[in-house]
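This document starts with one chain, in the form predicted alone, laid out as C-alpha cells.
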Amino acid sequence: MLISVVRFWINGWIKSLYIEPKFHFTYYGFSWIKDLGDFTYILFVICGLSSLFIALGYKYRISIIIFFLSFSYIELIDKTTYLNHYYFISCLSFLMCFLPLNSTYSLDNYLSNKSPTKVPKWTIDSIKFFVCIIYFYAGLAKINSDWLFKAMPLSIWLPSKYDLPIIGNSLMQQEWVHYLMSWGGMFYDLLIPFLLLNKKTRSYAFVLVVFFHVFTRVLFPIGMFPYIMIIISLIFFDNKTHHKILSYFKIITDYFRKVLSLPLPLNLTLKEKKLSSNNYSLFIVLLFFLFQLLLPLRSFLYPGELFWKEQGYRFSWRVMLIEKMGYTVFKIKNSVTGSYFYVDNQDFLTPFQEKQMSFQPDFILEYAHHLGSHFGKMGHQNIEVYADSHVSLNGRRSARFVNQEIDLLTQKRSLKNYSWILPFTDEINGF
C-alpha cells in the first residue's frame, strides 16, 4: 500500500480524482464525507506513512487504525473510484486492527525487548478465511449465462489486446480462448481456496496463483491487486515456511546490527511465550465475517436483473463481470411554464465521472438531485429533472435505461428498489 500511495502521487491521480472534480459522487449514508482540497495530499502522506509503519511493525496498533481510517476516508470521497480491491484493502485493514500482527518480527517487539509470542491460531486463520470468501464469491458470481455461455465480457476485451507480443494477434483473437479463460477463471476462483488450504496441493496452488495474477495483470490495468493477492497467499503456508523466508531477512538485519554495533535484542534469547486470546477481538472478528458472508447476498432482495440495475452489485466480490456503456442526457424543466433546457455534463463532471454516471442508477439519481439543487440556487423555479438514458450491457444493443417520464427529484436516495429504471429486455441466468 505504500507503493500504491506513491503510485497515486506520481501519476497525478490525487489531483485528477479527488481535488479537481467540482462534484463528488458519494456512498449512501456517507454524504458527510467531503474532499479536503489540497489537504488531500496530507491525507495521502498520513496513509503512506502508516502503511510503512505497519510493514515495519512500528507502533502497530496506532498505525493500523490510522491507515484504516485514512484509506477508507479516501475511498469514501468519491465512489467513481470504486474498485473491488480498494474495498478489499479497507476490509483487510479493519480486520488487522484486531489481530496481534506485531507479536514478533517487528520493531515493536524488538524495541520492547519482550519475549517472542505465539499468536492464537484463529488470528492467522481469519486472514485465510477472508481470502477464501473473496475467491469463492468471485467464483460463484461467474456462474452466469453471459460469462460461461457467451464468454462475455472477455469476448469484448481480449480482442483489443492485439498489441501484446506473440499472443496479441493470435490467441487473443480466438473465440475458444475467450471461452477457455471464462471457464478457467470460474474454476480458478472456486477451487483455489481449497487447493491452498490442502497441504499436498498448496505449493502447486501458489504457482497457479502467481501465474493467474501475473497473466491478468498483463491483460488488464488492475493496479496493485495482483501483487497483493500473490503476497497474501503466502499466509496459507505453515510457520516453518515463513521462518525460512524470514531467515533471509535475518541475515540482512544481523549484518546491519554488526555494522552499527547494535546489541542483540533480549527477546531473541528468551523462550517463546503464547499470546492469550482476546475475547473482545474474537467477537468483533466473528461479527466481521458474518457481515462479509451476508452482504454479497443482498442482491437477492431486489427484483430485476442485477447486472442491469446493479443493486447489490458493489461490495460483493463481483470482479470484472460486465461491460456497460451508456449515454445520459438531463433535461431541466419548469413544471409551470413547460420551458426546459438540456445540461452539458462537462460543466459539472470530469470525463471519467460522466462515463461512470451514464450507466449506474445511483449515480444518475444523485447527479439529478445535484442538478436540481444547483439550478435552484441559481434562481430557477418549479424545477423538474428528467433523464434520457441509453445503456448497452455485455455487447447487447443499446436500450433505454431510465423512465424519461419520471421527475428524478421525486425519487429519494435510499436502499429501496429502483422502480424508475426500465426492465431489462433480455435474460441472464446465474448467481
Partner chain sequence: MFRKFILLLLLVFFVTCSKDSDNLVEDDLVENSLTDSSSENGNETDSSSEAGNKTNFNRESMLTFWADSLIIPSQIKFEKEMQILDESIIEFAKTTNKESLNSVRLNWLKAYKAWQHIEMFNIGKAEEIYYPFRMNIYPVNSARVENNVSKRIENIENPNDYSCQGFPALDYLLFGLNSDQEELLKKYTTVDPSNDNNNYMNYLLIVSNKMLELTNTVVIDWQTYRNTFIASTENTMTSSINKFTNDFIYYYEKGFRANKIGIPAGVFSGGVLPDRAEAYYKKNVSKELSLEALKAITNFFIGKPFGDNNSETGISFKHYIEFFETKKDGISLAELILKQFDLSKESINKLNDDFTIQLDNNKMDMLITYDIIQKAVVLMKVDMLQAININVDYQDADGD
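Residue numbers count along the first chain shown, from 1. As the structure is a prediction and not an experimental result, all values here were calculated from the model.
Below, we refer to the form predicted in complex with the partner chain, which is not included among the displayed structures.
- Contact annotation: of the candidates Y227, F215, F289, F149, the single residue with a non-hydrogen atom within 4.5 angstroms of the partner chain in the model of the complex is F149.
- Checking N84, S281, S90, N144 against the partner chain in the model of the complex, a heavy atom within 4.5 Å turns up for just one residue: N84.
- Looking at 343-351, 230-238, 136-144, 302-310, the stretch with residues near the partner chain in the model of the complex, meaning non-hydrogen atoms within 4.5 angstroms, turns out to be 343-351.
- Remark: N334 does not count among the residues lining the partner chain in the model of the complex, judged by a heavy atom distance of 4.5 Å or less.
- Shown alone here, N403 lies farther than 4.5 Å from the partner chain in the model of the complex, counting heavy atoms only.
- With a 4.5 Å cutoff on heavy atoms, W122 does not count as touching the partner chain in the model of the complex; it lies far away.
- Contact check for P165: no non-hydrogen atom falls within 4.5 Å of the partner chain in the model of the complex.
- Within 4.5 angstroms of the partner chain in the model of the complex, the stretch 353-380 places a non-hydrogen atom from K355 alone.
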